[in-house]
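Below you'll find only one chain, the form predicted on its own, shown as structure tokens.
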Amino acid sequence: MSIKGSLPESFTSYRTPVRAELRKVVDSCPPVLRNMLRYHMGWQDEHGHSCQRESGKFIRSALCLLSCQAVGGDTSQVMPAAAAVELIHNFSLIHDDIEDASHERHHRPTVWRLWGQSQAINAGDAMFTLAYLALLKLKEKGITDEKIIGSTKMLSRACLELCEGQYLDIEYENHLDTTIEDYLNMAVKKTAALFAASTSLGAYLGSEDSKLVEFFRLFGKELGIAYQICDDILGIWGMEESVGKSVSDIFQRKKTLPVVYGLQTSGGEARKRLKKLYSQKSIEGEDITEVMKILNRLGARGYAENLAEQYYYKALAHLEATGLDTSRQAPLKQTAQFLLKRDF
């Protein structure tokens, strides 16, 4: 598997309307919070001056809209829901940067580095709240109260799973006996839950077929696991210029899939060295190089790439099980392929 790719046109076509919806929601925030949120989104610099920087790939919002489109729904009606999942994702990023002590995101200082941890927590909380205010805007688009309540439940459950997954991710930093099964359970919650919410929300708001919604939920879940594994690969072997943040998963002793695989399958001196290195408070300099050499000898990257492909094909199987026309499935398949082969 080659981790390369470019954003498909079906994916990028929704970026402009989603960005416009996000701006409306974010700009409704009180000014003292708005500045931090607009900075995080890449719309202004730390001094409040407008700038045109990309603030992510808008993956979750695109999946929501493409899923709605696939089931024959009106994507303009569900734009607030697409904004909501993107806001939840960005709330998690602001808090994640604090928890990981990350200094940069998208080649710029993180919110907490500029405004401090306490204010960054406030910013993240504001982003979280705005997501639910965005969902309420579905009423203005003609969505029924019943559907809005259902959407709120779906997103709330995903948020709870996301928080649990983040807890596990941090907790595993202090354990050397984390298994691949443990890792996959964490990935389902930390990443796949919001992917599943994005695809199922789009299908739910665009269709009345509950079986169809379930297929889309499973498609998003499996795709989210594949995405997280690819992220783990980039976190070790990716180029910082492409990823847009410090490639520091080893430095932070994160138990990403390649490392878990290495700890679980290595033996002798390699296992002894890995356990010793991951018992340190941080891994720096030549120690990082040694970890990578051990993982390379064990074939950890190849294992991770193969597992990501397995989940990718599981995702496609759920999409095909919907029975929708090939033409309706095509944009989602193109997006899934990009997410598997991306290099950023």
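A residue's number is simply how far along the shown sequence it sits, counting from 1. Because the structure is a prediction, the values reported are computed rather than measured.
Keep in mind that the form predicted in complex with another copy of the chain is not shown, yet the notes after this line are about it.
Q: 79, 233, 192, 130: which sits within 4.5 Å of another copy of the chain in the model of the complex by any heavy atom?
A: The option sitting close enough to the partner is 130.
Q: Pick from 215, 91, 227, 183: which residue has any heavy atom within 4.5 angstroms of another copy of the chain in the model of the complex?
A: For this set of options, the contacting one is 91.
Q: What stretch, of 267 to 275, 219 to 227, 205 to 213, 142 to 150, brings heavy atoms to within 4.5 Å of another copy of the chain in the model of the complex?
A: Every other range fails; the passing one is 142 to 150.
Q: Going by a heavy atom distance of 4.5 Å, is residue 114 a contact of another copy of the chain in the model of the complex?
A: Residue 114: no contact with another copy of the chain in the model of the complex.
Q: Taking another copy of the chain as it sits in the model of the complex, is residue 160 near enough to touch it, meaning that at least one heavy atom pair lies within 4.5 angstroms?
A: Residue 160 belongs to the contact set for another copy of the chain.
Q: In the model of the complex, does residue 176 have a heavy atom within 4.5 Å of another copy of the chain?
A: Heavy-atom contact with another copy of the chain at 4.5 Å: absent for residue 176.
Q: Though only this chain appears here, would residue 288 touch another copy of the chain in the model of the complex if you measure heavy atom gaps against 4.5 Å?
A: Because no heavy atom of residue 288 falls inside 4.5 Å of another copy of the chain in the model of the complex, the answer is no.
Q: Verify the flagged residues 188, 304 and 329 against another copy of the chain in the model of the complex: is each one within 4.5 Å by a non-hydrogen atom?
A: Negative, none of the three is within 4.5 Å.
Q: Taking another copy of the chain as it sits in the model of the complex, which residues of 104 to 129 have a non-hydrogen atom within 4.5 Å of it? Please list them.
A: Heavy-atom contacts within 4.5 Å come from 115, 117, 118, 119, 121, 122, 125, 126, 128, 129.
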